[in-house]
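Same chain, two versions here, written out as structure tokens and called structure 1 and structure 2.
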Structure 1
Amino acid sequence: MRLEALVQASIQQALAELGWSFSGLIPVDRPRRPEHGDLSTRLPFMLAPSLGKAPQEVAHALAQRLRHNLAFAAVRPEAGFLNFVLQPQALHAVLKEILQDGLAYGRSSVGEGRLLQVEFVSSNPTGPLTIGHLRQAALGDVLASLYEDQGWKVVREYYLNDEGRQIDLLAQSLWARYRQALGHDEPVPPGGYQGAYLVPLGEELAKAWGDRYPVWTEQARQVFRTEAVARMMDMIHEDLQAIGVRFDVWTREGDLHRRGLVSEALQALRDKGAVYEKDGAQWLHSTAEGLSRDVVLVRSDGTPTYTMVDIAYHLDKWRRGFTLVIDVQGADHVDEQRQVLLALKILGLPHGFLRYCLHQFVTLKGEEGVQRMSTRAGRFLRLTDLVDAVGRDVARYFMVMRKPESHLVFDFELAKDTSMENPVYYVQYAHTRIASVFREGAKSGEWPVDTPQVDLSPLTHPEELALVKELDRFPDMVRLAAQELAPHLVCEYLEGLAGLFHPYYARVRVLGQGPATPARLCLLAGIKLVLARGLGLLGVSAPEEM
């Protein structure tokens, strides 16, 4: 039994014996200070008012009842808390269970196979992916993994905005590069895409097509739009491959229009009385529901806005059978998010169907100081350049190591220069070291061990017991990271675990220690397992050798 459950069950029994009751989850904390025990509960504070007793008194009474429980070496009431010191045997039992679970350790079936969609990146096909998209890609991919681990059936989806003015601008920018390649003095249109990545494409088209499109006509627009989007998608696919992200479904804006979903969603909103006309445009009456402004759904020229299409898209997600949708988006989309959430509420979709993982931007600190990035101005760092410089593991890890709503300063020079003083390597090195011990142990015949038969009683060092306690925390951590959309908790956990392992390893020898050796090898096996599981959730490799 896991430690938290063990404590909760024991307390429940004590409550029953005392004729007390507590509805709800009994809180179990892991105290920072060792003198406060291995585990503690603040339950007495919660129970005291209804019992008409002081917390200290409640804690005392509970401690009396729990004192003789064989799992605990001590149960101490202190300052209204109830602190538990575990018997080493209780921890040994936990380690055995972990090893028995193997790679399934920490997995859960709470998702019950329900459908979850994670929509992320969804970058417009107007250029290659940048370091900004990398944060999205890493966050979305890790969130998807976390939910898969919790028993959800996850669809990773990319929404492809292949319509609209930005695409026209891109097409015309590409056309200008094409004309330039033919020796004409055709400037990139105002507000167009200045990036150098269009130059070689323009040259290719010039070679292939010659002087076929001398002026910007409707026909040229069609041809260059199709060509530009296809080329940009090739780039994006290449970038995604570089960081190991794969999408299950690509949805194109054009498809939503073709299937009539946009007008259908608009009609549904109209039926709810949430739409009004002003200046020839159709507006969503958002202020009526407490938002700060109304938004246009259909422009006066009859075309739907981005927001309108987004609402239709999300209504379709609901119809597709998803129980939960997580959208990973940047902070510049907050206003948009509120409007969509509001529209879904008006349409009667359940609260909580759509959750946003909102993240702040990545600022890049390079040789020229902090730079604001812009795809349109051609000022950005390509994702592939970053991956080439620091590797996929570091790139992914760095993008999720901070909580999404925090700004993330990516120091490019530091990432390259100090790659040896890097948390990713610190964690991976712990895994490698254990693998190395196993290799050595295999030579001496000490490894592998018959896990179920090993006597773990030699595991008595405080560091060893602390390590098992940390391993025990892994499933809760994964659950919390998924629930709170907080992948950084995984990084924090792994660094903590590696931070317990390295000092232990430096102090305690594993091989050639008689009966202690198989016990310690079991502990190392548990650590290695959990490190691999955690790194796996992040999409970071767990190397046997470095």
Structure 2
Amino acid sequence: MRLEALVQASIQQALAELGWSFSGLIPVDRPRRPEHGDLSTRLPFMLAPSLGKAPQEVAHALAQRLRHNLAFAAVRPEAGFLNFVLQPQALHAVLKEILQDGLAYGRSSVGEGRLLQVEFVSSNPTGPLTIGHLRQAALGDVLASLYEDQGWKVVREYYLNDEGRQIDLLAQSLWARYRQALGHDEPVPPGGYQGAYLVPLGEELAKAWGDRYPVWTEQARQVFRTEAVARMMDMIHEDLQAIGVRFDVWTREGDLHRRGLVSEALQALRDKGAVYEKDGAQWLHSTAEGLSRDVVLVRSDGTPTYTMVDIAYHLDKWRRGFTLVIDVQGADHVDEQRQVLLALKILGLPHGFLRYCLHQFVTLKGEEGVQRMSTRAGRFLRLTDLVDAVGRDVARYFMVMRKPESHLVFDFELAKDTSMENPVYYVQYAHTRIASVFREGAKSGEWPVDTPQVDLSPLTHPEELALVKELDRFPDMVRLAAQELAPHLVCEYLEGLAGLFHPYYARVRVLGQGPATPARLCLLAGIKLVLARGLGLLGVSAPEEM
């Protein structure tokens, strides 16, 4: 039984003996200060009003009932809280359970197989993916893994905006590069895409087509739109493969229009009285629902806005049977997100159906300093180039190791550093060090051990008990990281666990220590298991050697 559950069960028994009751989950916390024990509960404060007693009196009564529990070295009522100090045997039982669970440790069935969609990256097909898109790719992929670990059936989806003015600008920019390759002085259109990535594509088309499209006509627009999107998608697939991200579903904006979903969603909002006409445009009456401004859904020329299409897209997600949808988007989309959430509420979709994981922008810090990425201007570091330079593990880890809401500076020099100054290697070295101990133990005949039969009583040192307590925290961390859309918690946890392990590894001999060796090997096995589990959730490797 895990430590939190052990305390909860013990308190429930004490409540029954006292003739008291508490409905709901008993709160159990981990004190930040070690003098307050290993675990603590504020339950006395919650019970006091109904019992007509002071919290400290309730805490004392519970402590009297719990002091003889063999799992606790001490039960202390302090200022209305109830603090617990655990016996080593209780921690040993947790370690045994971790090893018994193996790679299933920390997994949950709370999702009950319900259908969840994570939509992320969804970059317009106007260029290859850059370091600016990497944060979305890593965040979305890790969130999907976290929810899969919690028992949800997860669909990773990419929304492809293959319509509109930006695609036209891309097509004309590619046409300009095609004409330049034929020796003509054709400028990239104003607001077009200056990136050098279009130059070799233009040269390829010039060789294949010759002077077939000398003038920018409607026919040329259609041809170059199709060609540009197809070639950009090839690049995007290459970049996603380099970073280890796959998608189950690709949805094109054009399909939403062709299926009539945008018109249908607009009519549904009209039927709810939420749309009005002004200056020839169709507006969502958002201010009537408490937002600061109304938003255009259909322009005066009859073309739907991005917001209108997004509303239709999410209505389609609901109809496809998703219980929960998580969109990973930049923080600059907040206003549009509020409009979409309002529209879904008006249409009767349940609160909480759509959640946004918002992230701030990424800048690259290297020898040239810090610069903002810009695909259109042609100043960017493509994902495939970044992975070639620093490796997939580092690229993914660096993108999720900070809170999504905080600005991220990608330190290129630190990312290339292969010492333990690099947080990725700091965590991975802990895993490889344990693997090295196991290899040496195999040579001496001390490893593997019969884990269920090992006597763990030699594990009494505070460092060892602290490590087991940290391992016990892993399932709670995974649950919270998913619930709070906070993959950075996984990184913080892994670095904390590695931070406890490395000094222990440096100080304590494991092999050749008689009865202590099998116990310490079991501890290392638990640490190695949890490190591999956490790295796996991040899509980062857990190497046996480095």
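Throughout, rigid core stands for the largest set of C-alpha atoms superposing within 1.5 Å between the two forms. Keep in mind that what you see is a predicted model, and the values were worked out from it rather than measured. Start at 1 and count along the sequence of structure 1; that gives the residue numbers used here.
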*Determine, for this pair of isolated chain forms, which one is the form predicted in complex with the RNA.*
1
_After superposing the rigid core, is the C-alpha displacement of residue 208 2 Å or more between structures 1 and 2?_
no
*asked:* Taking 2 Å as the cut-off, check whether the CA of residue 53 shifts that much or more between structures 1 and 2 after a rigid core fit.
replied: yes
*Whole degrees only: how far is the smaller rigid part turned between structures 1 and 2?*
10
*After superposing on the core, C-alpha shift for residue 18 between structures 1 and 2 in angstrom*: 3.0
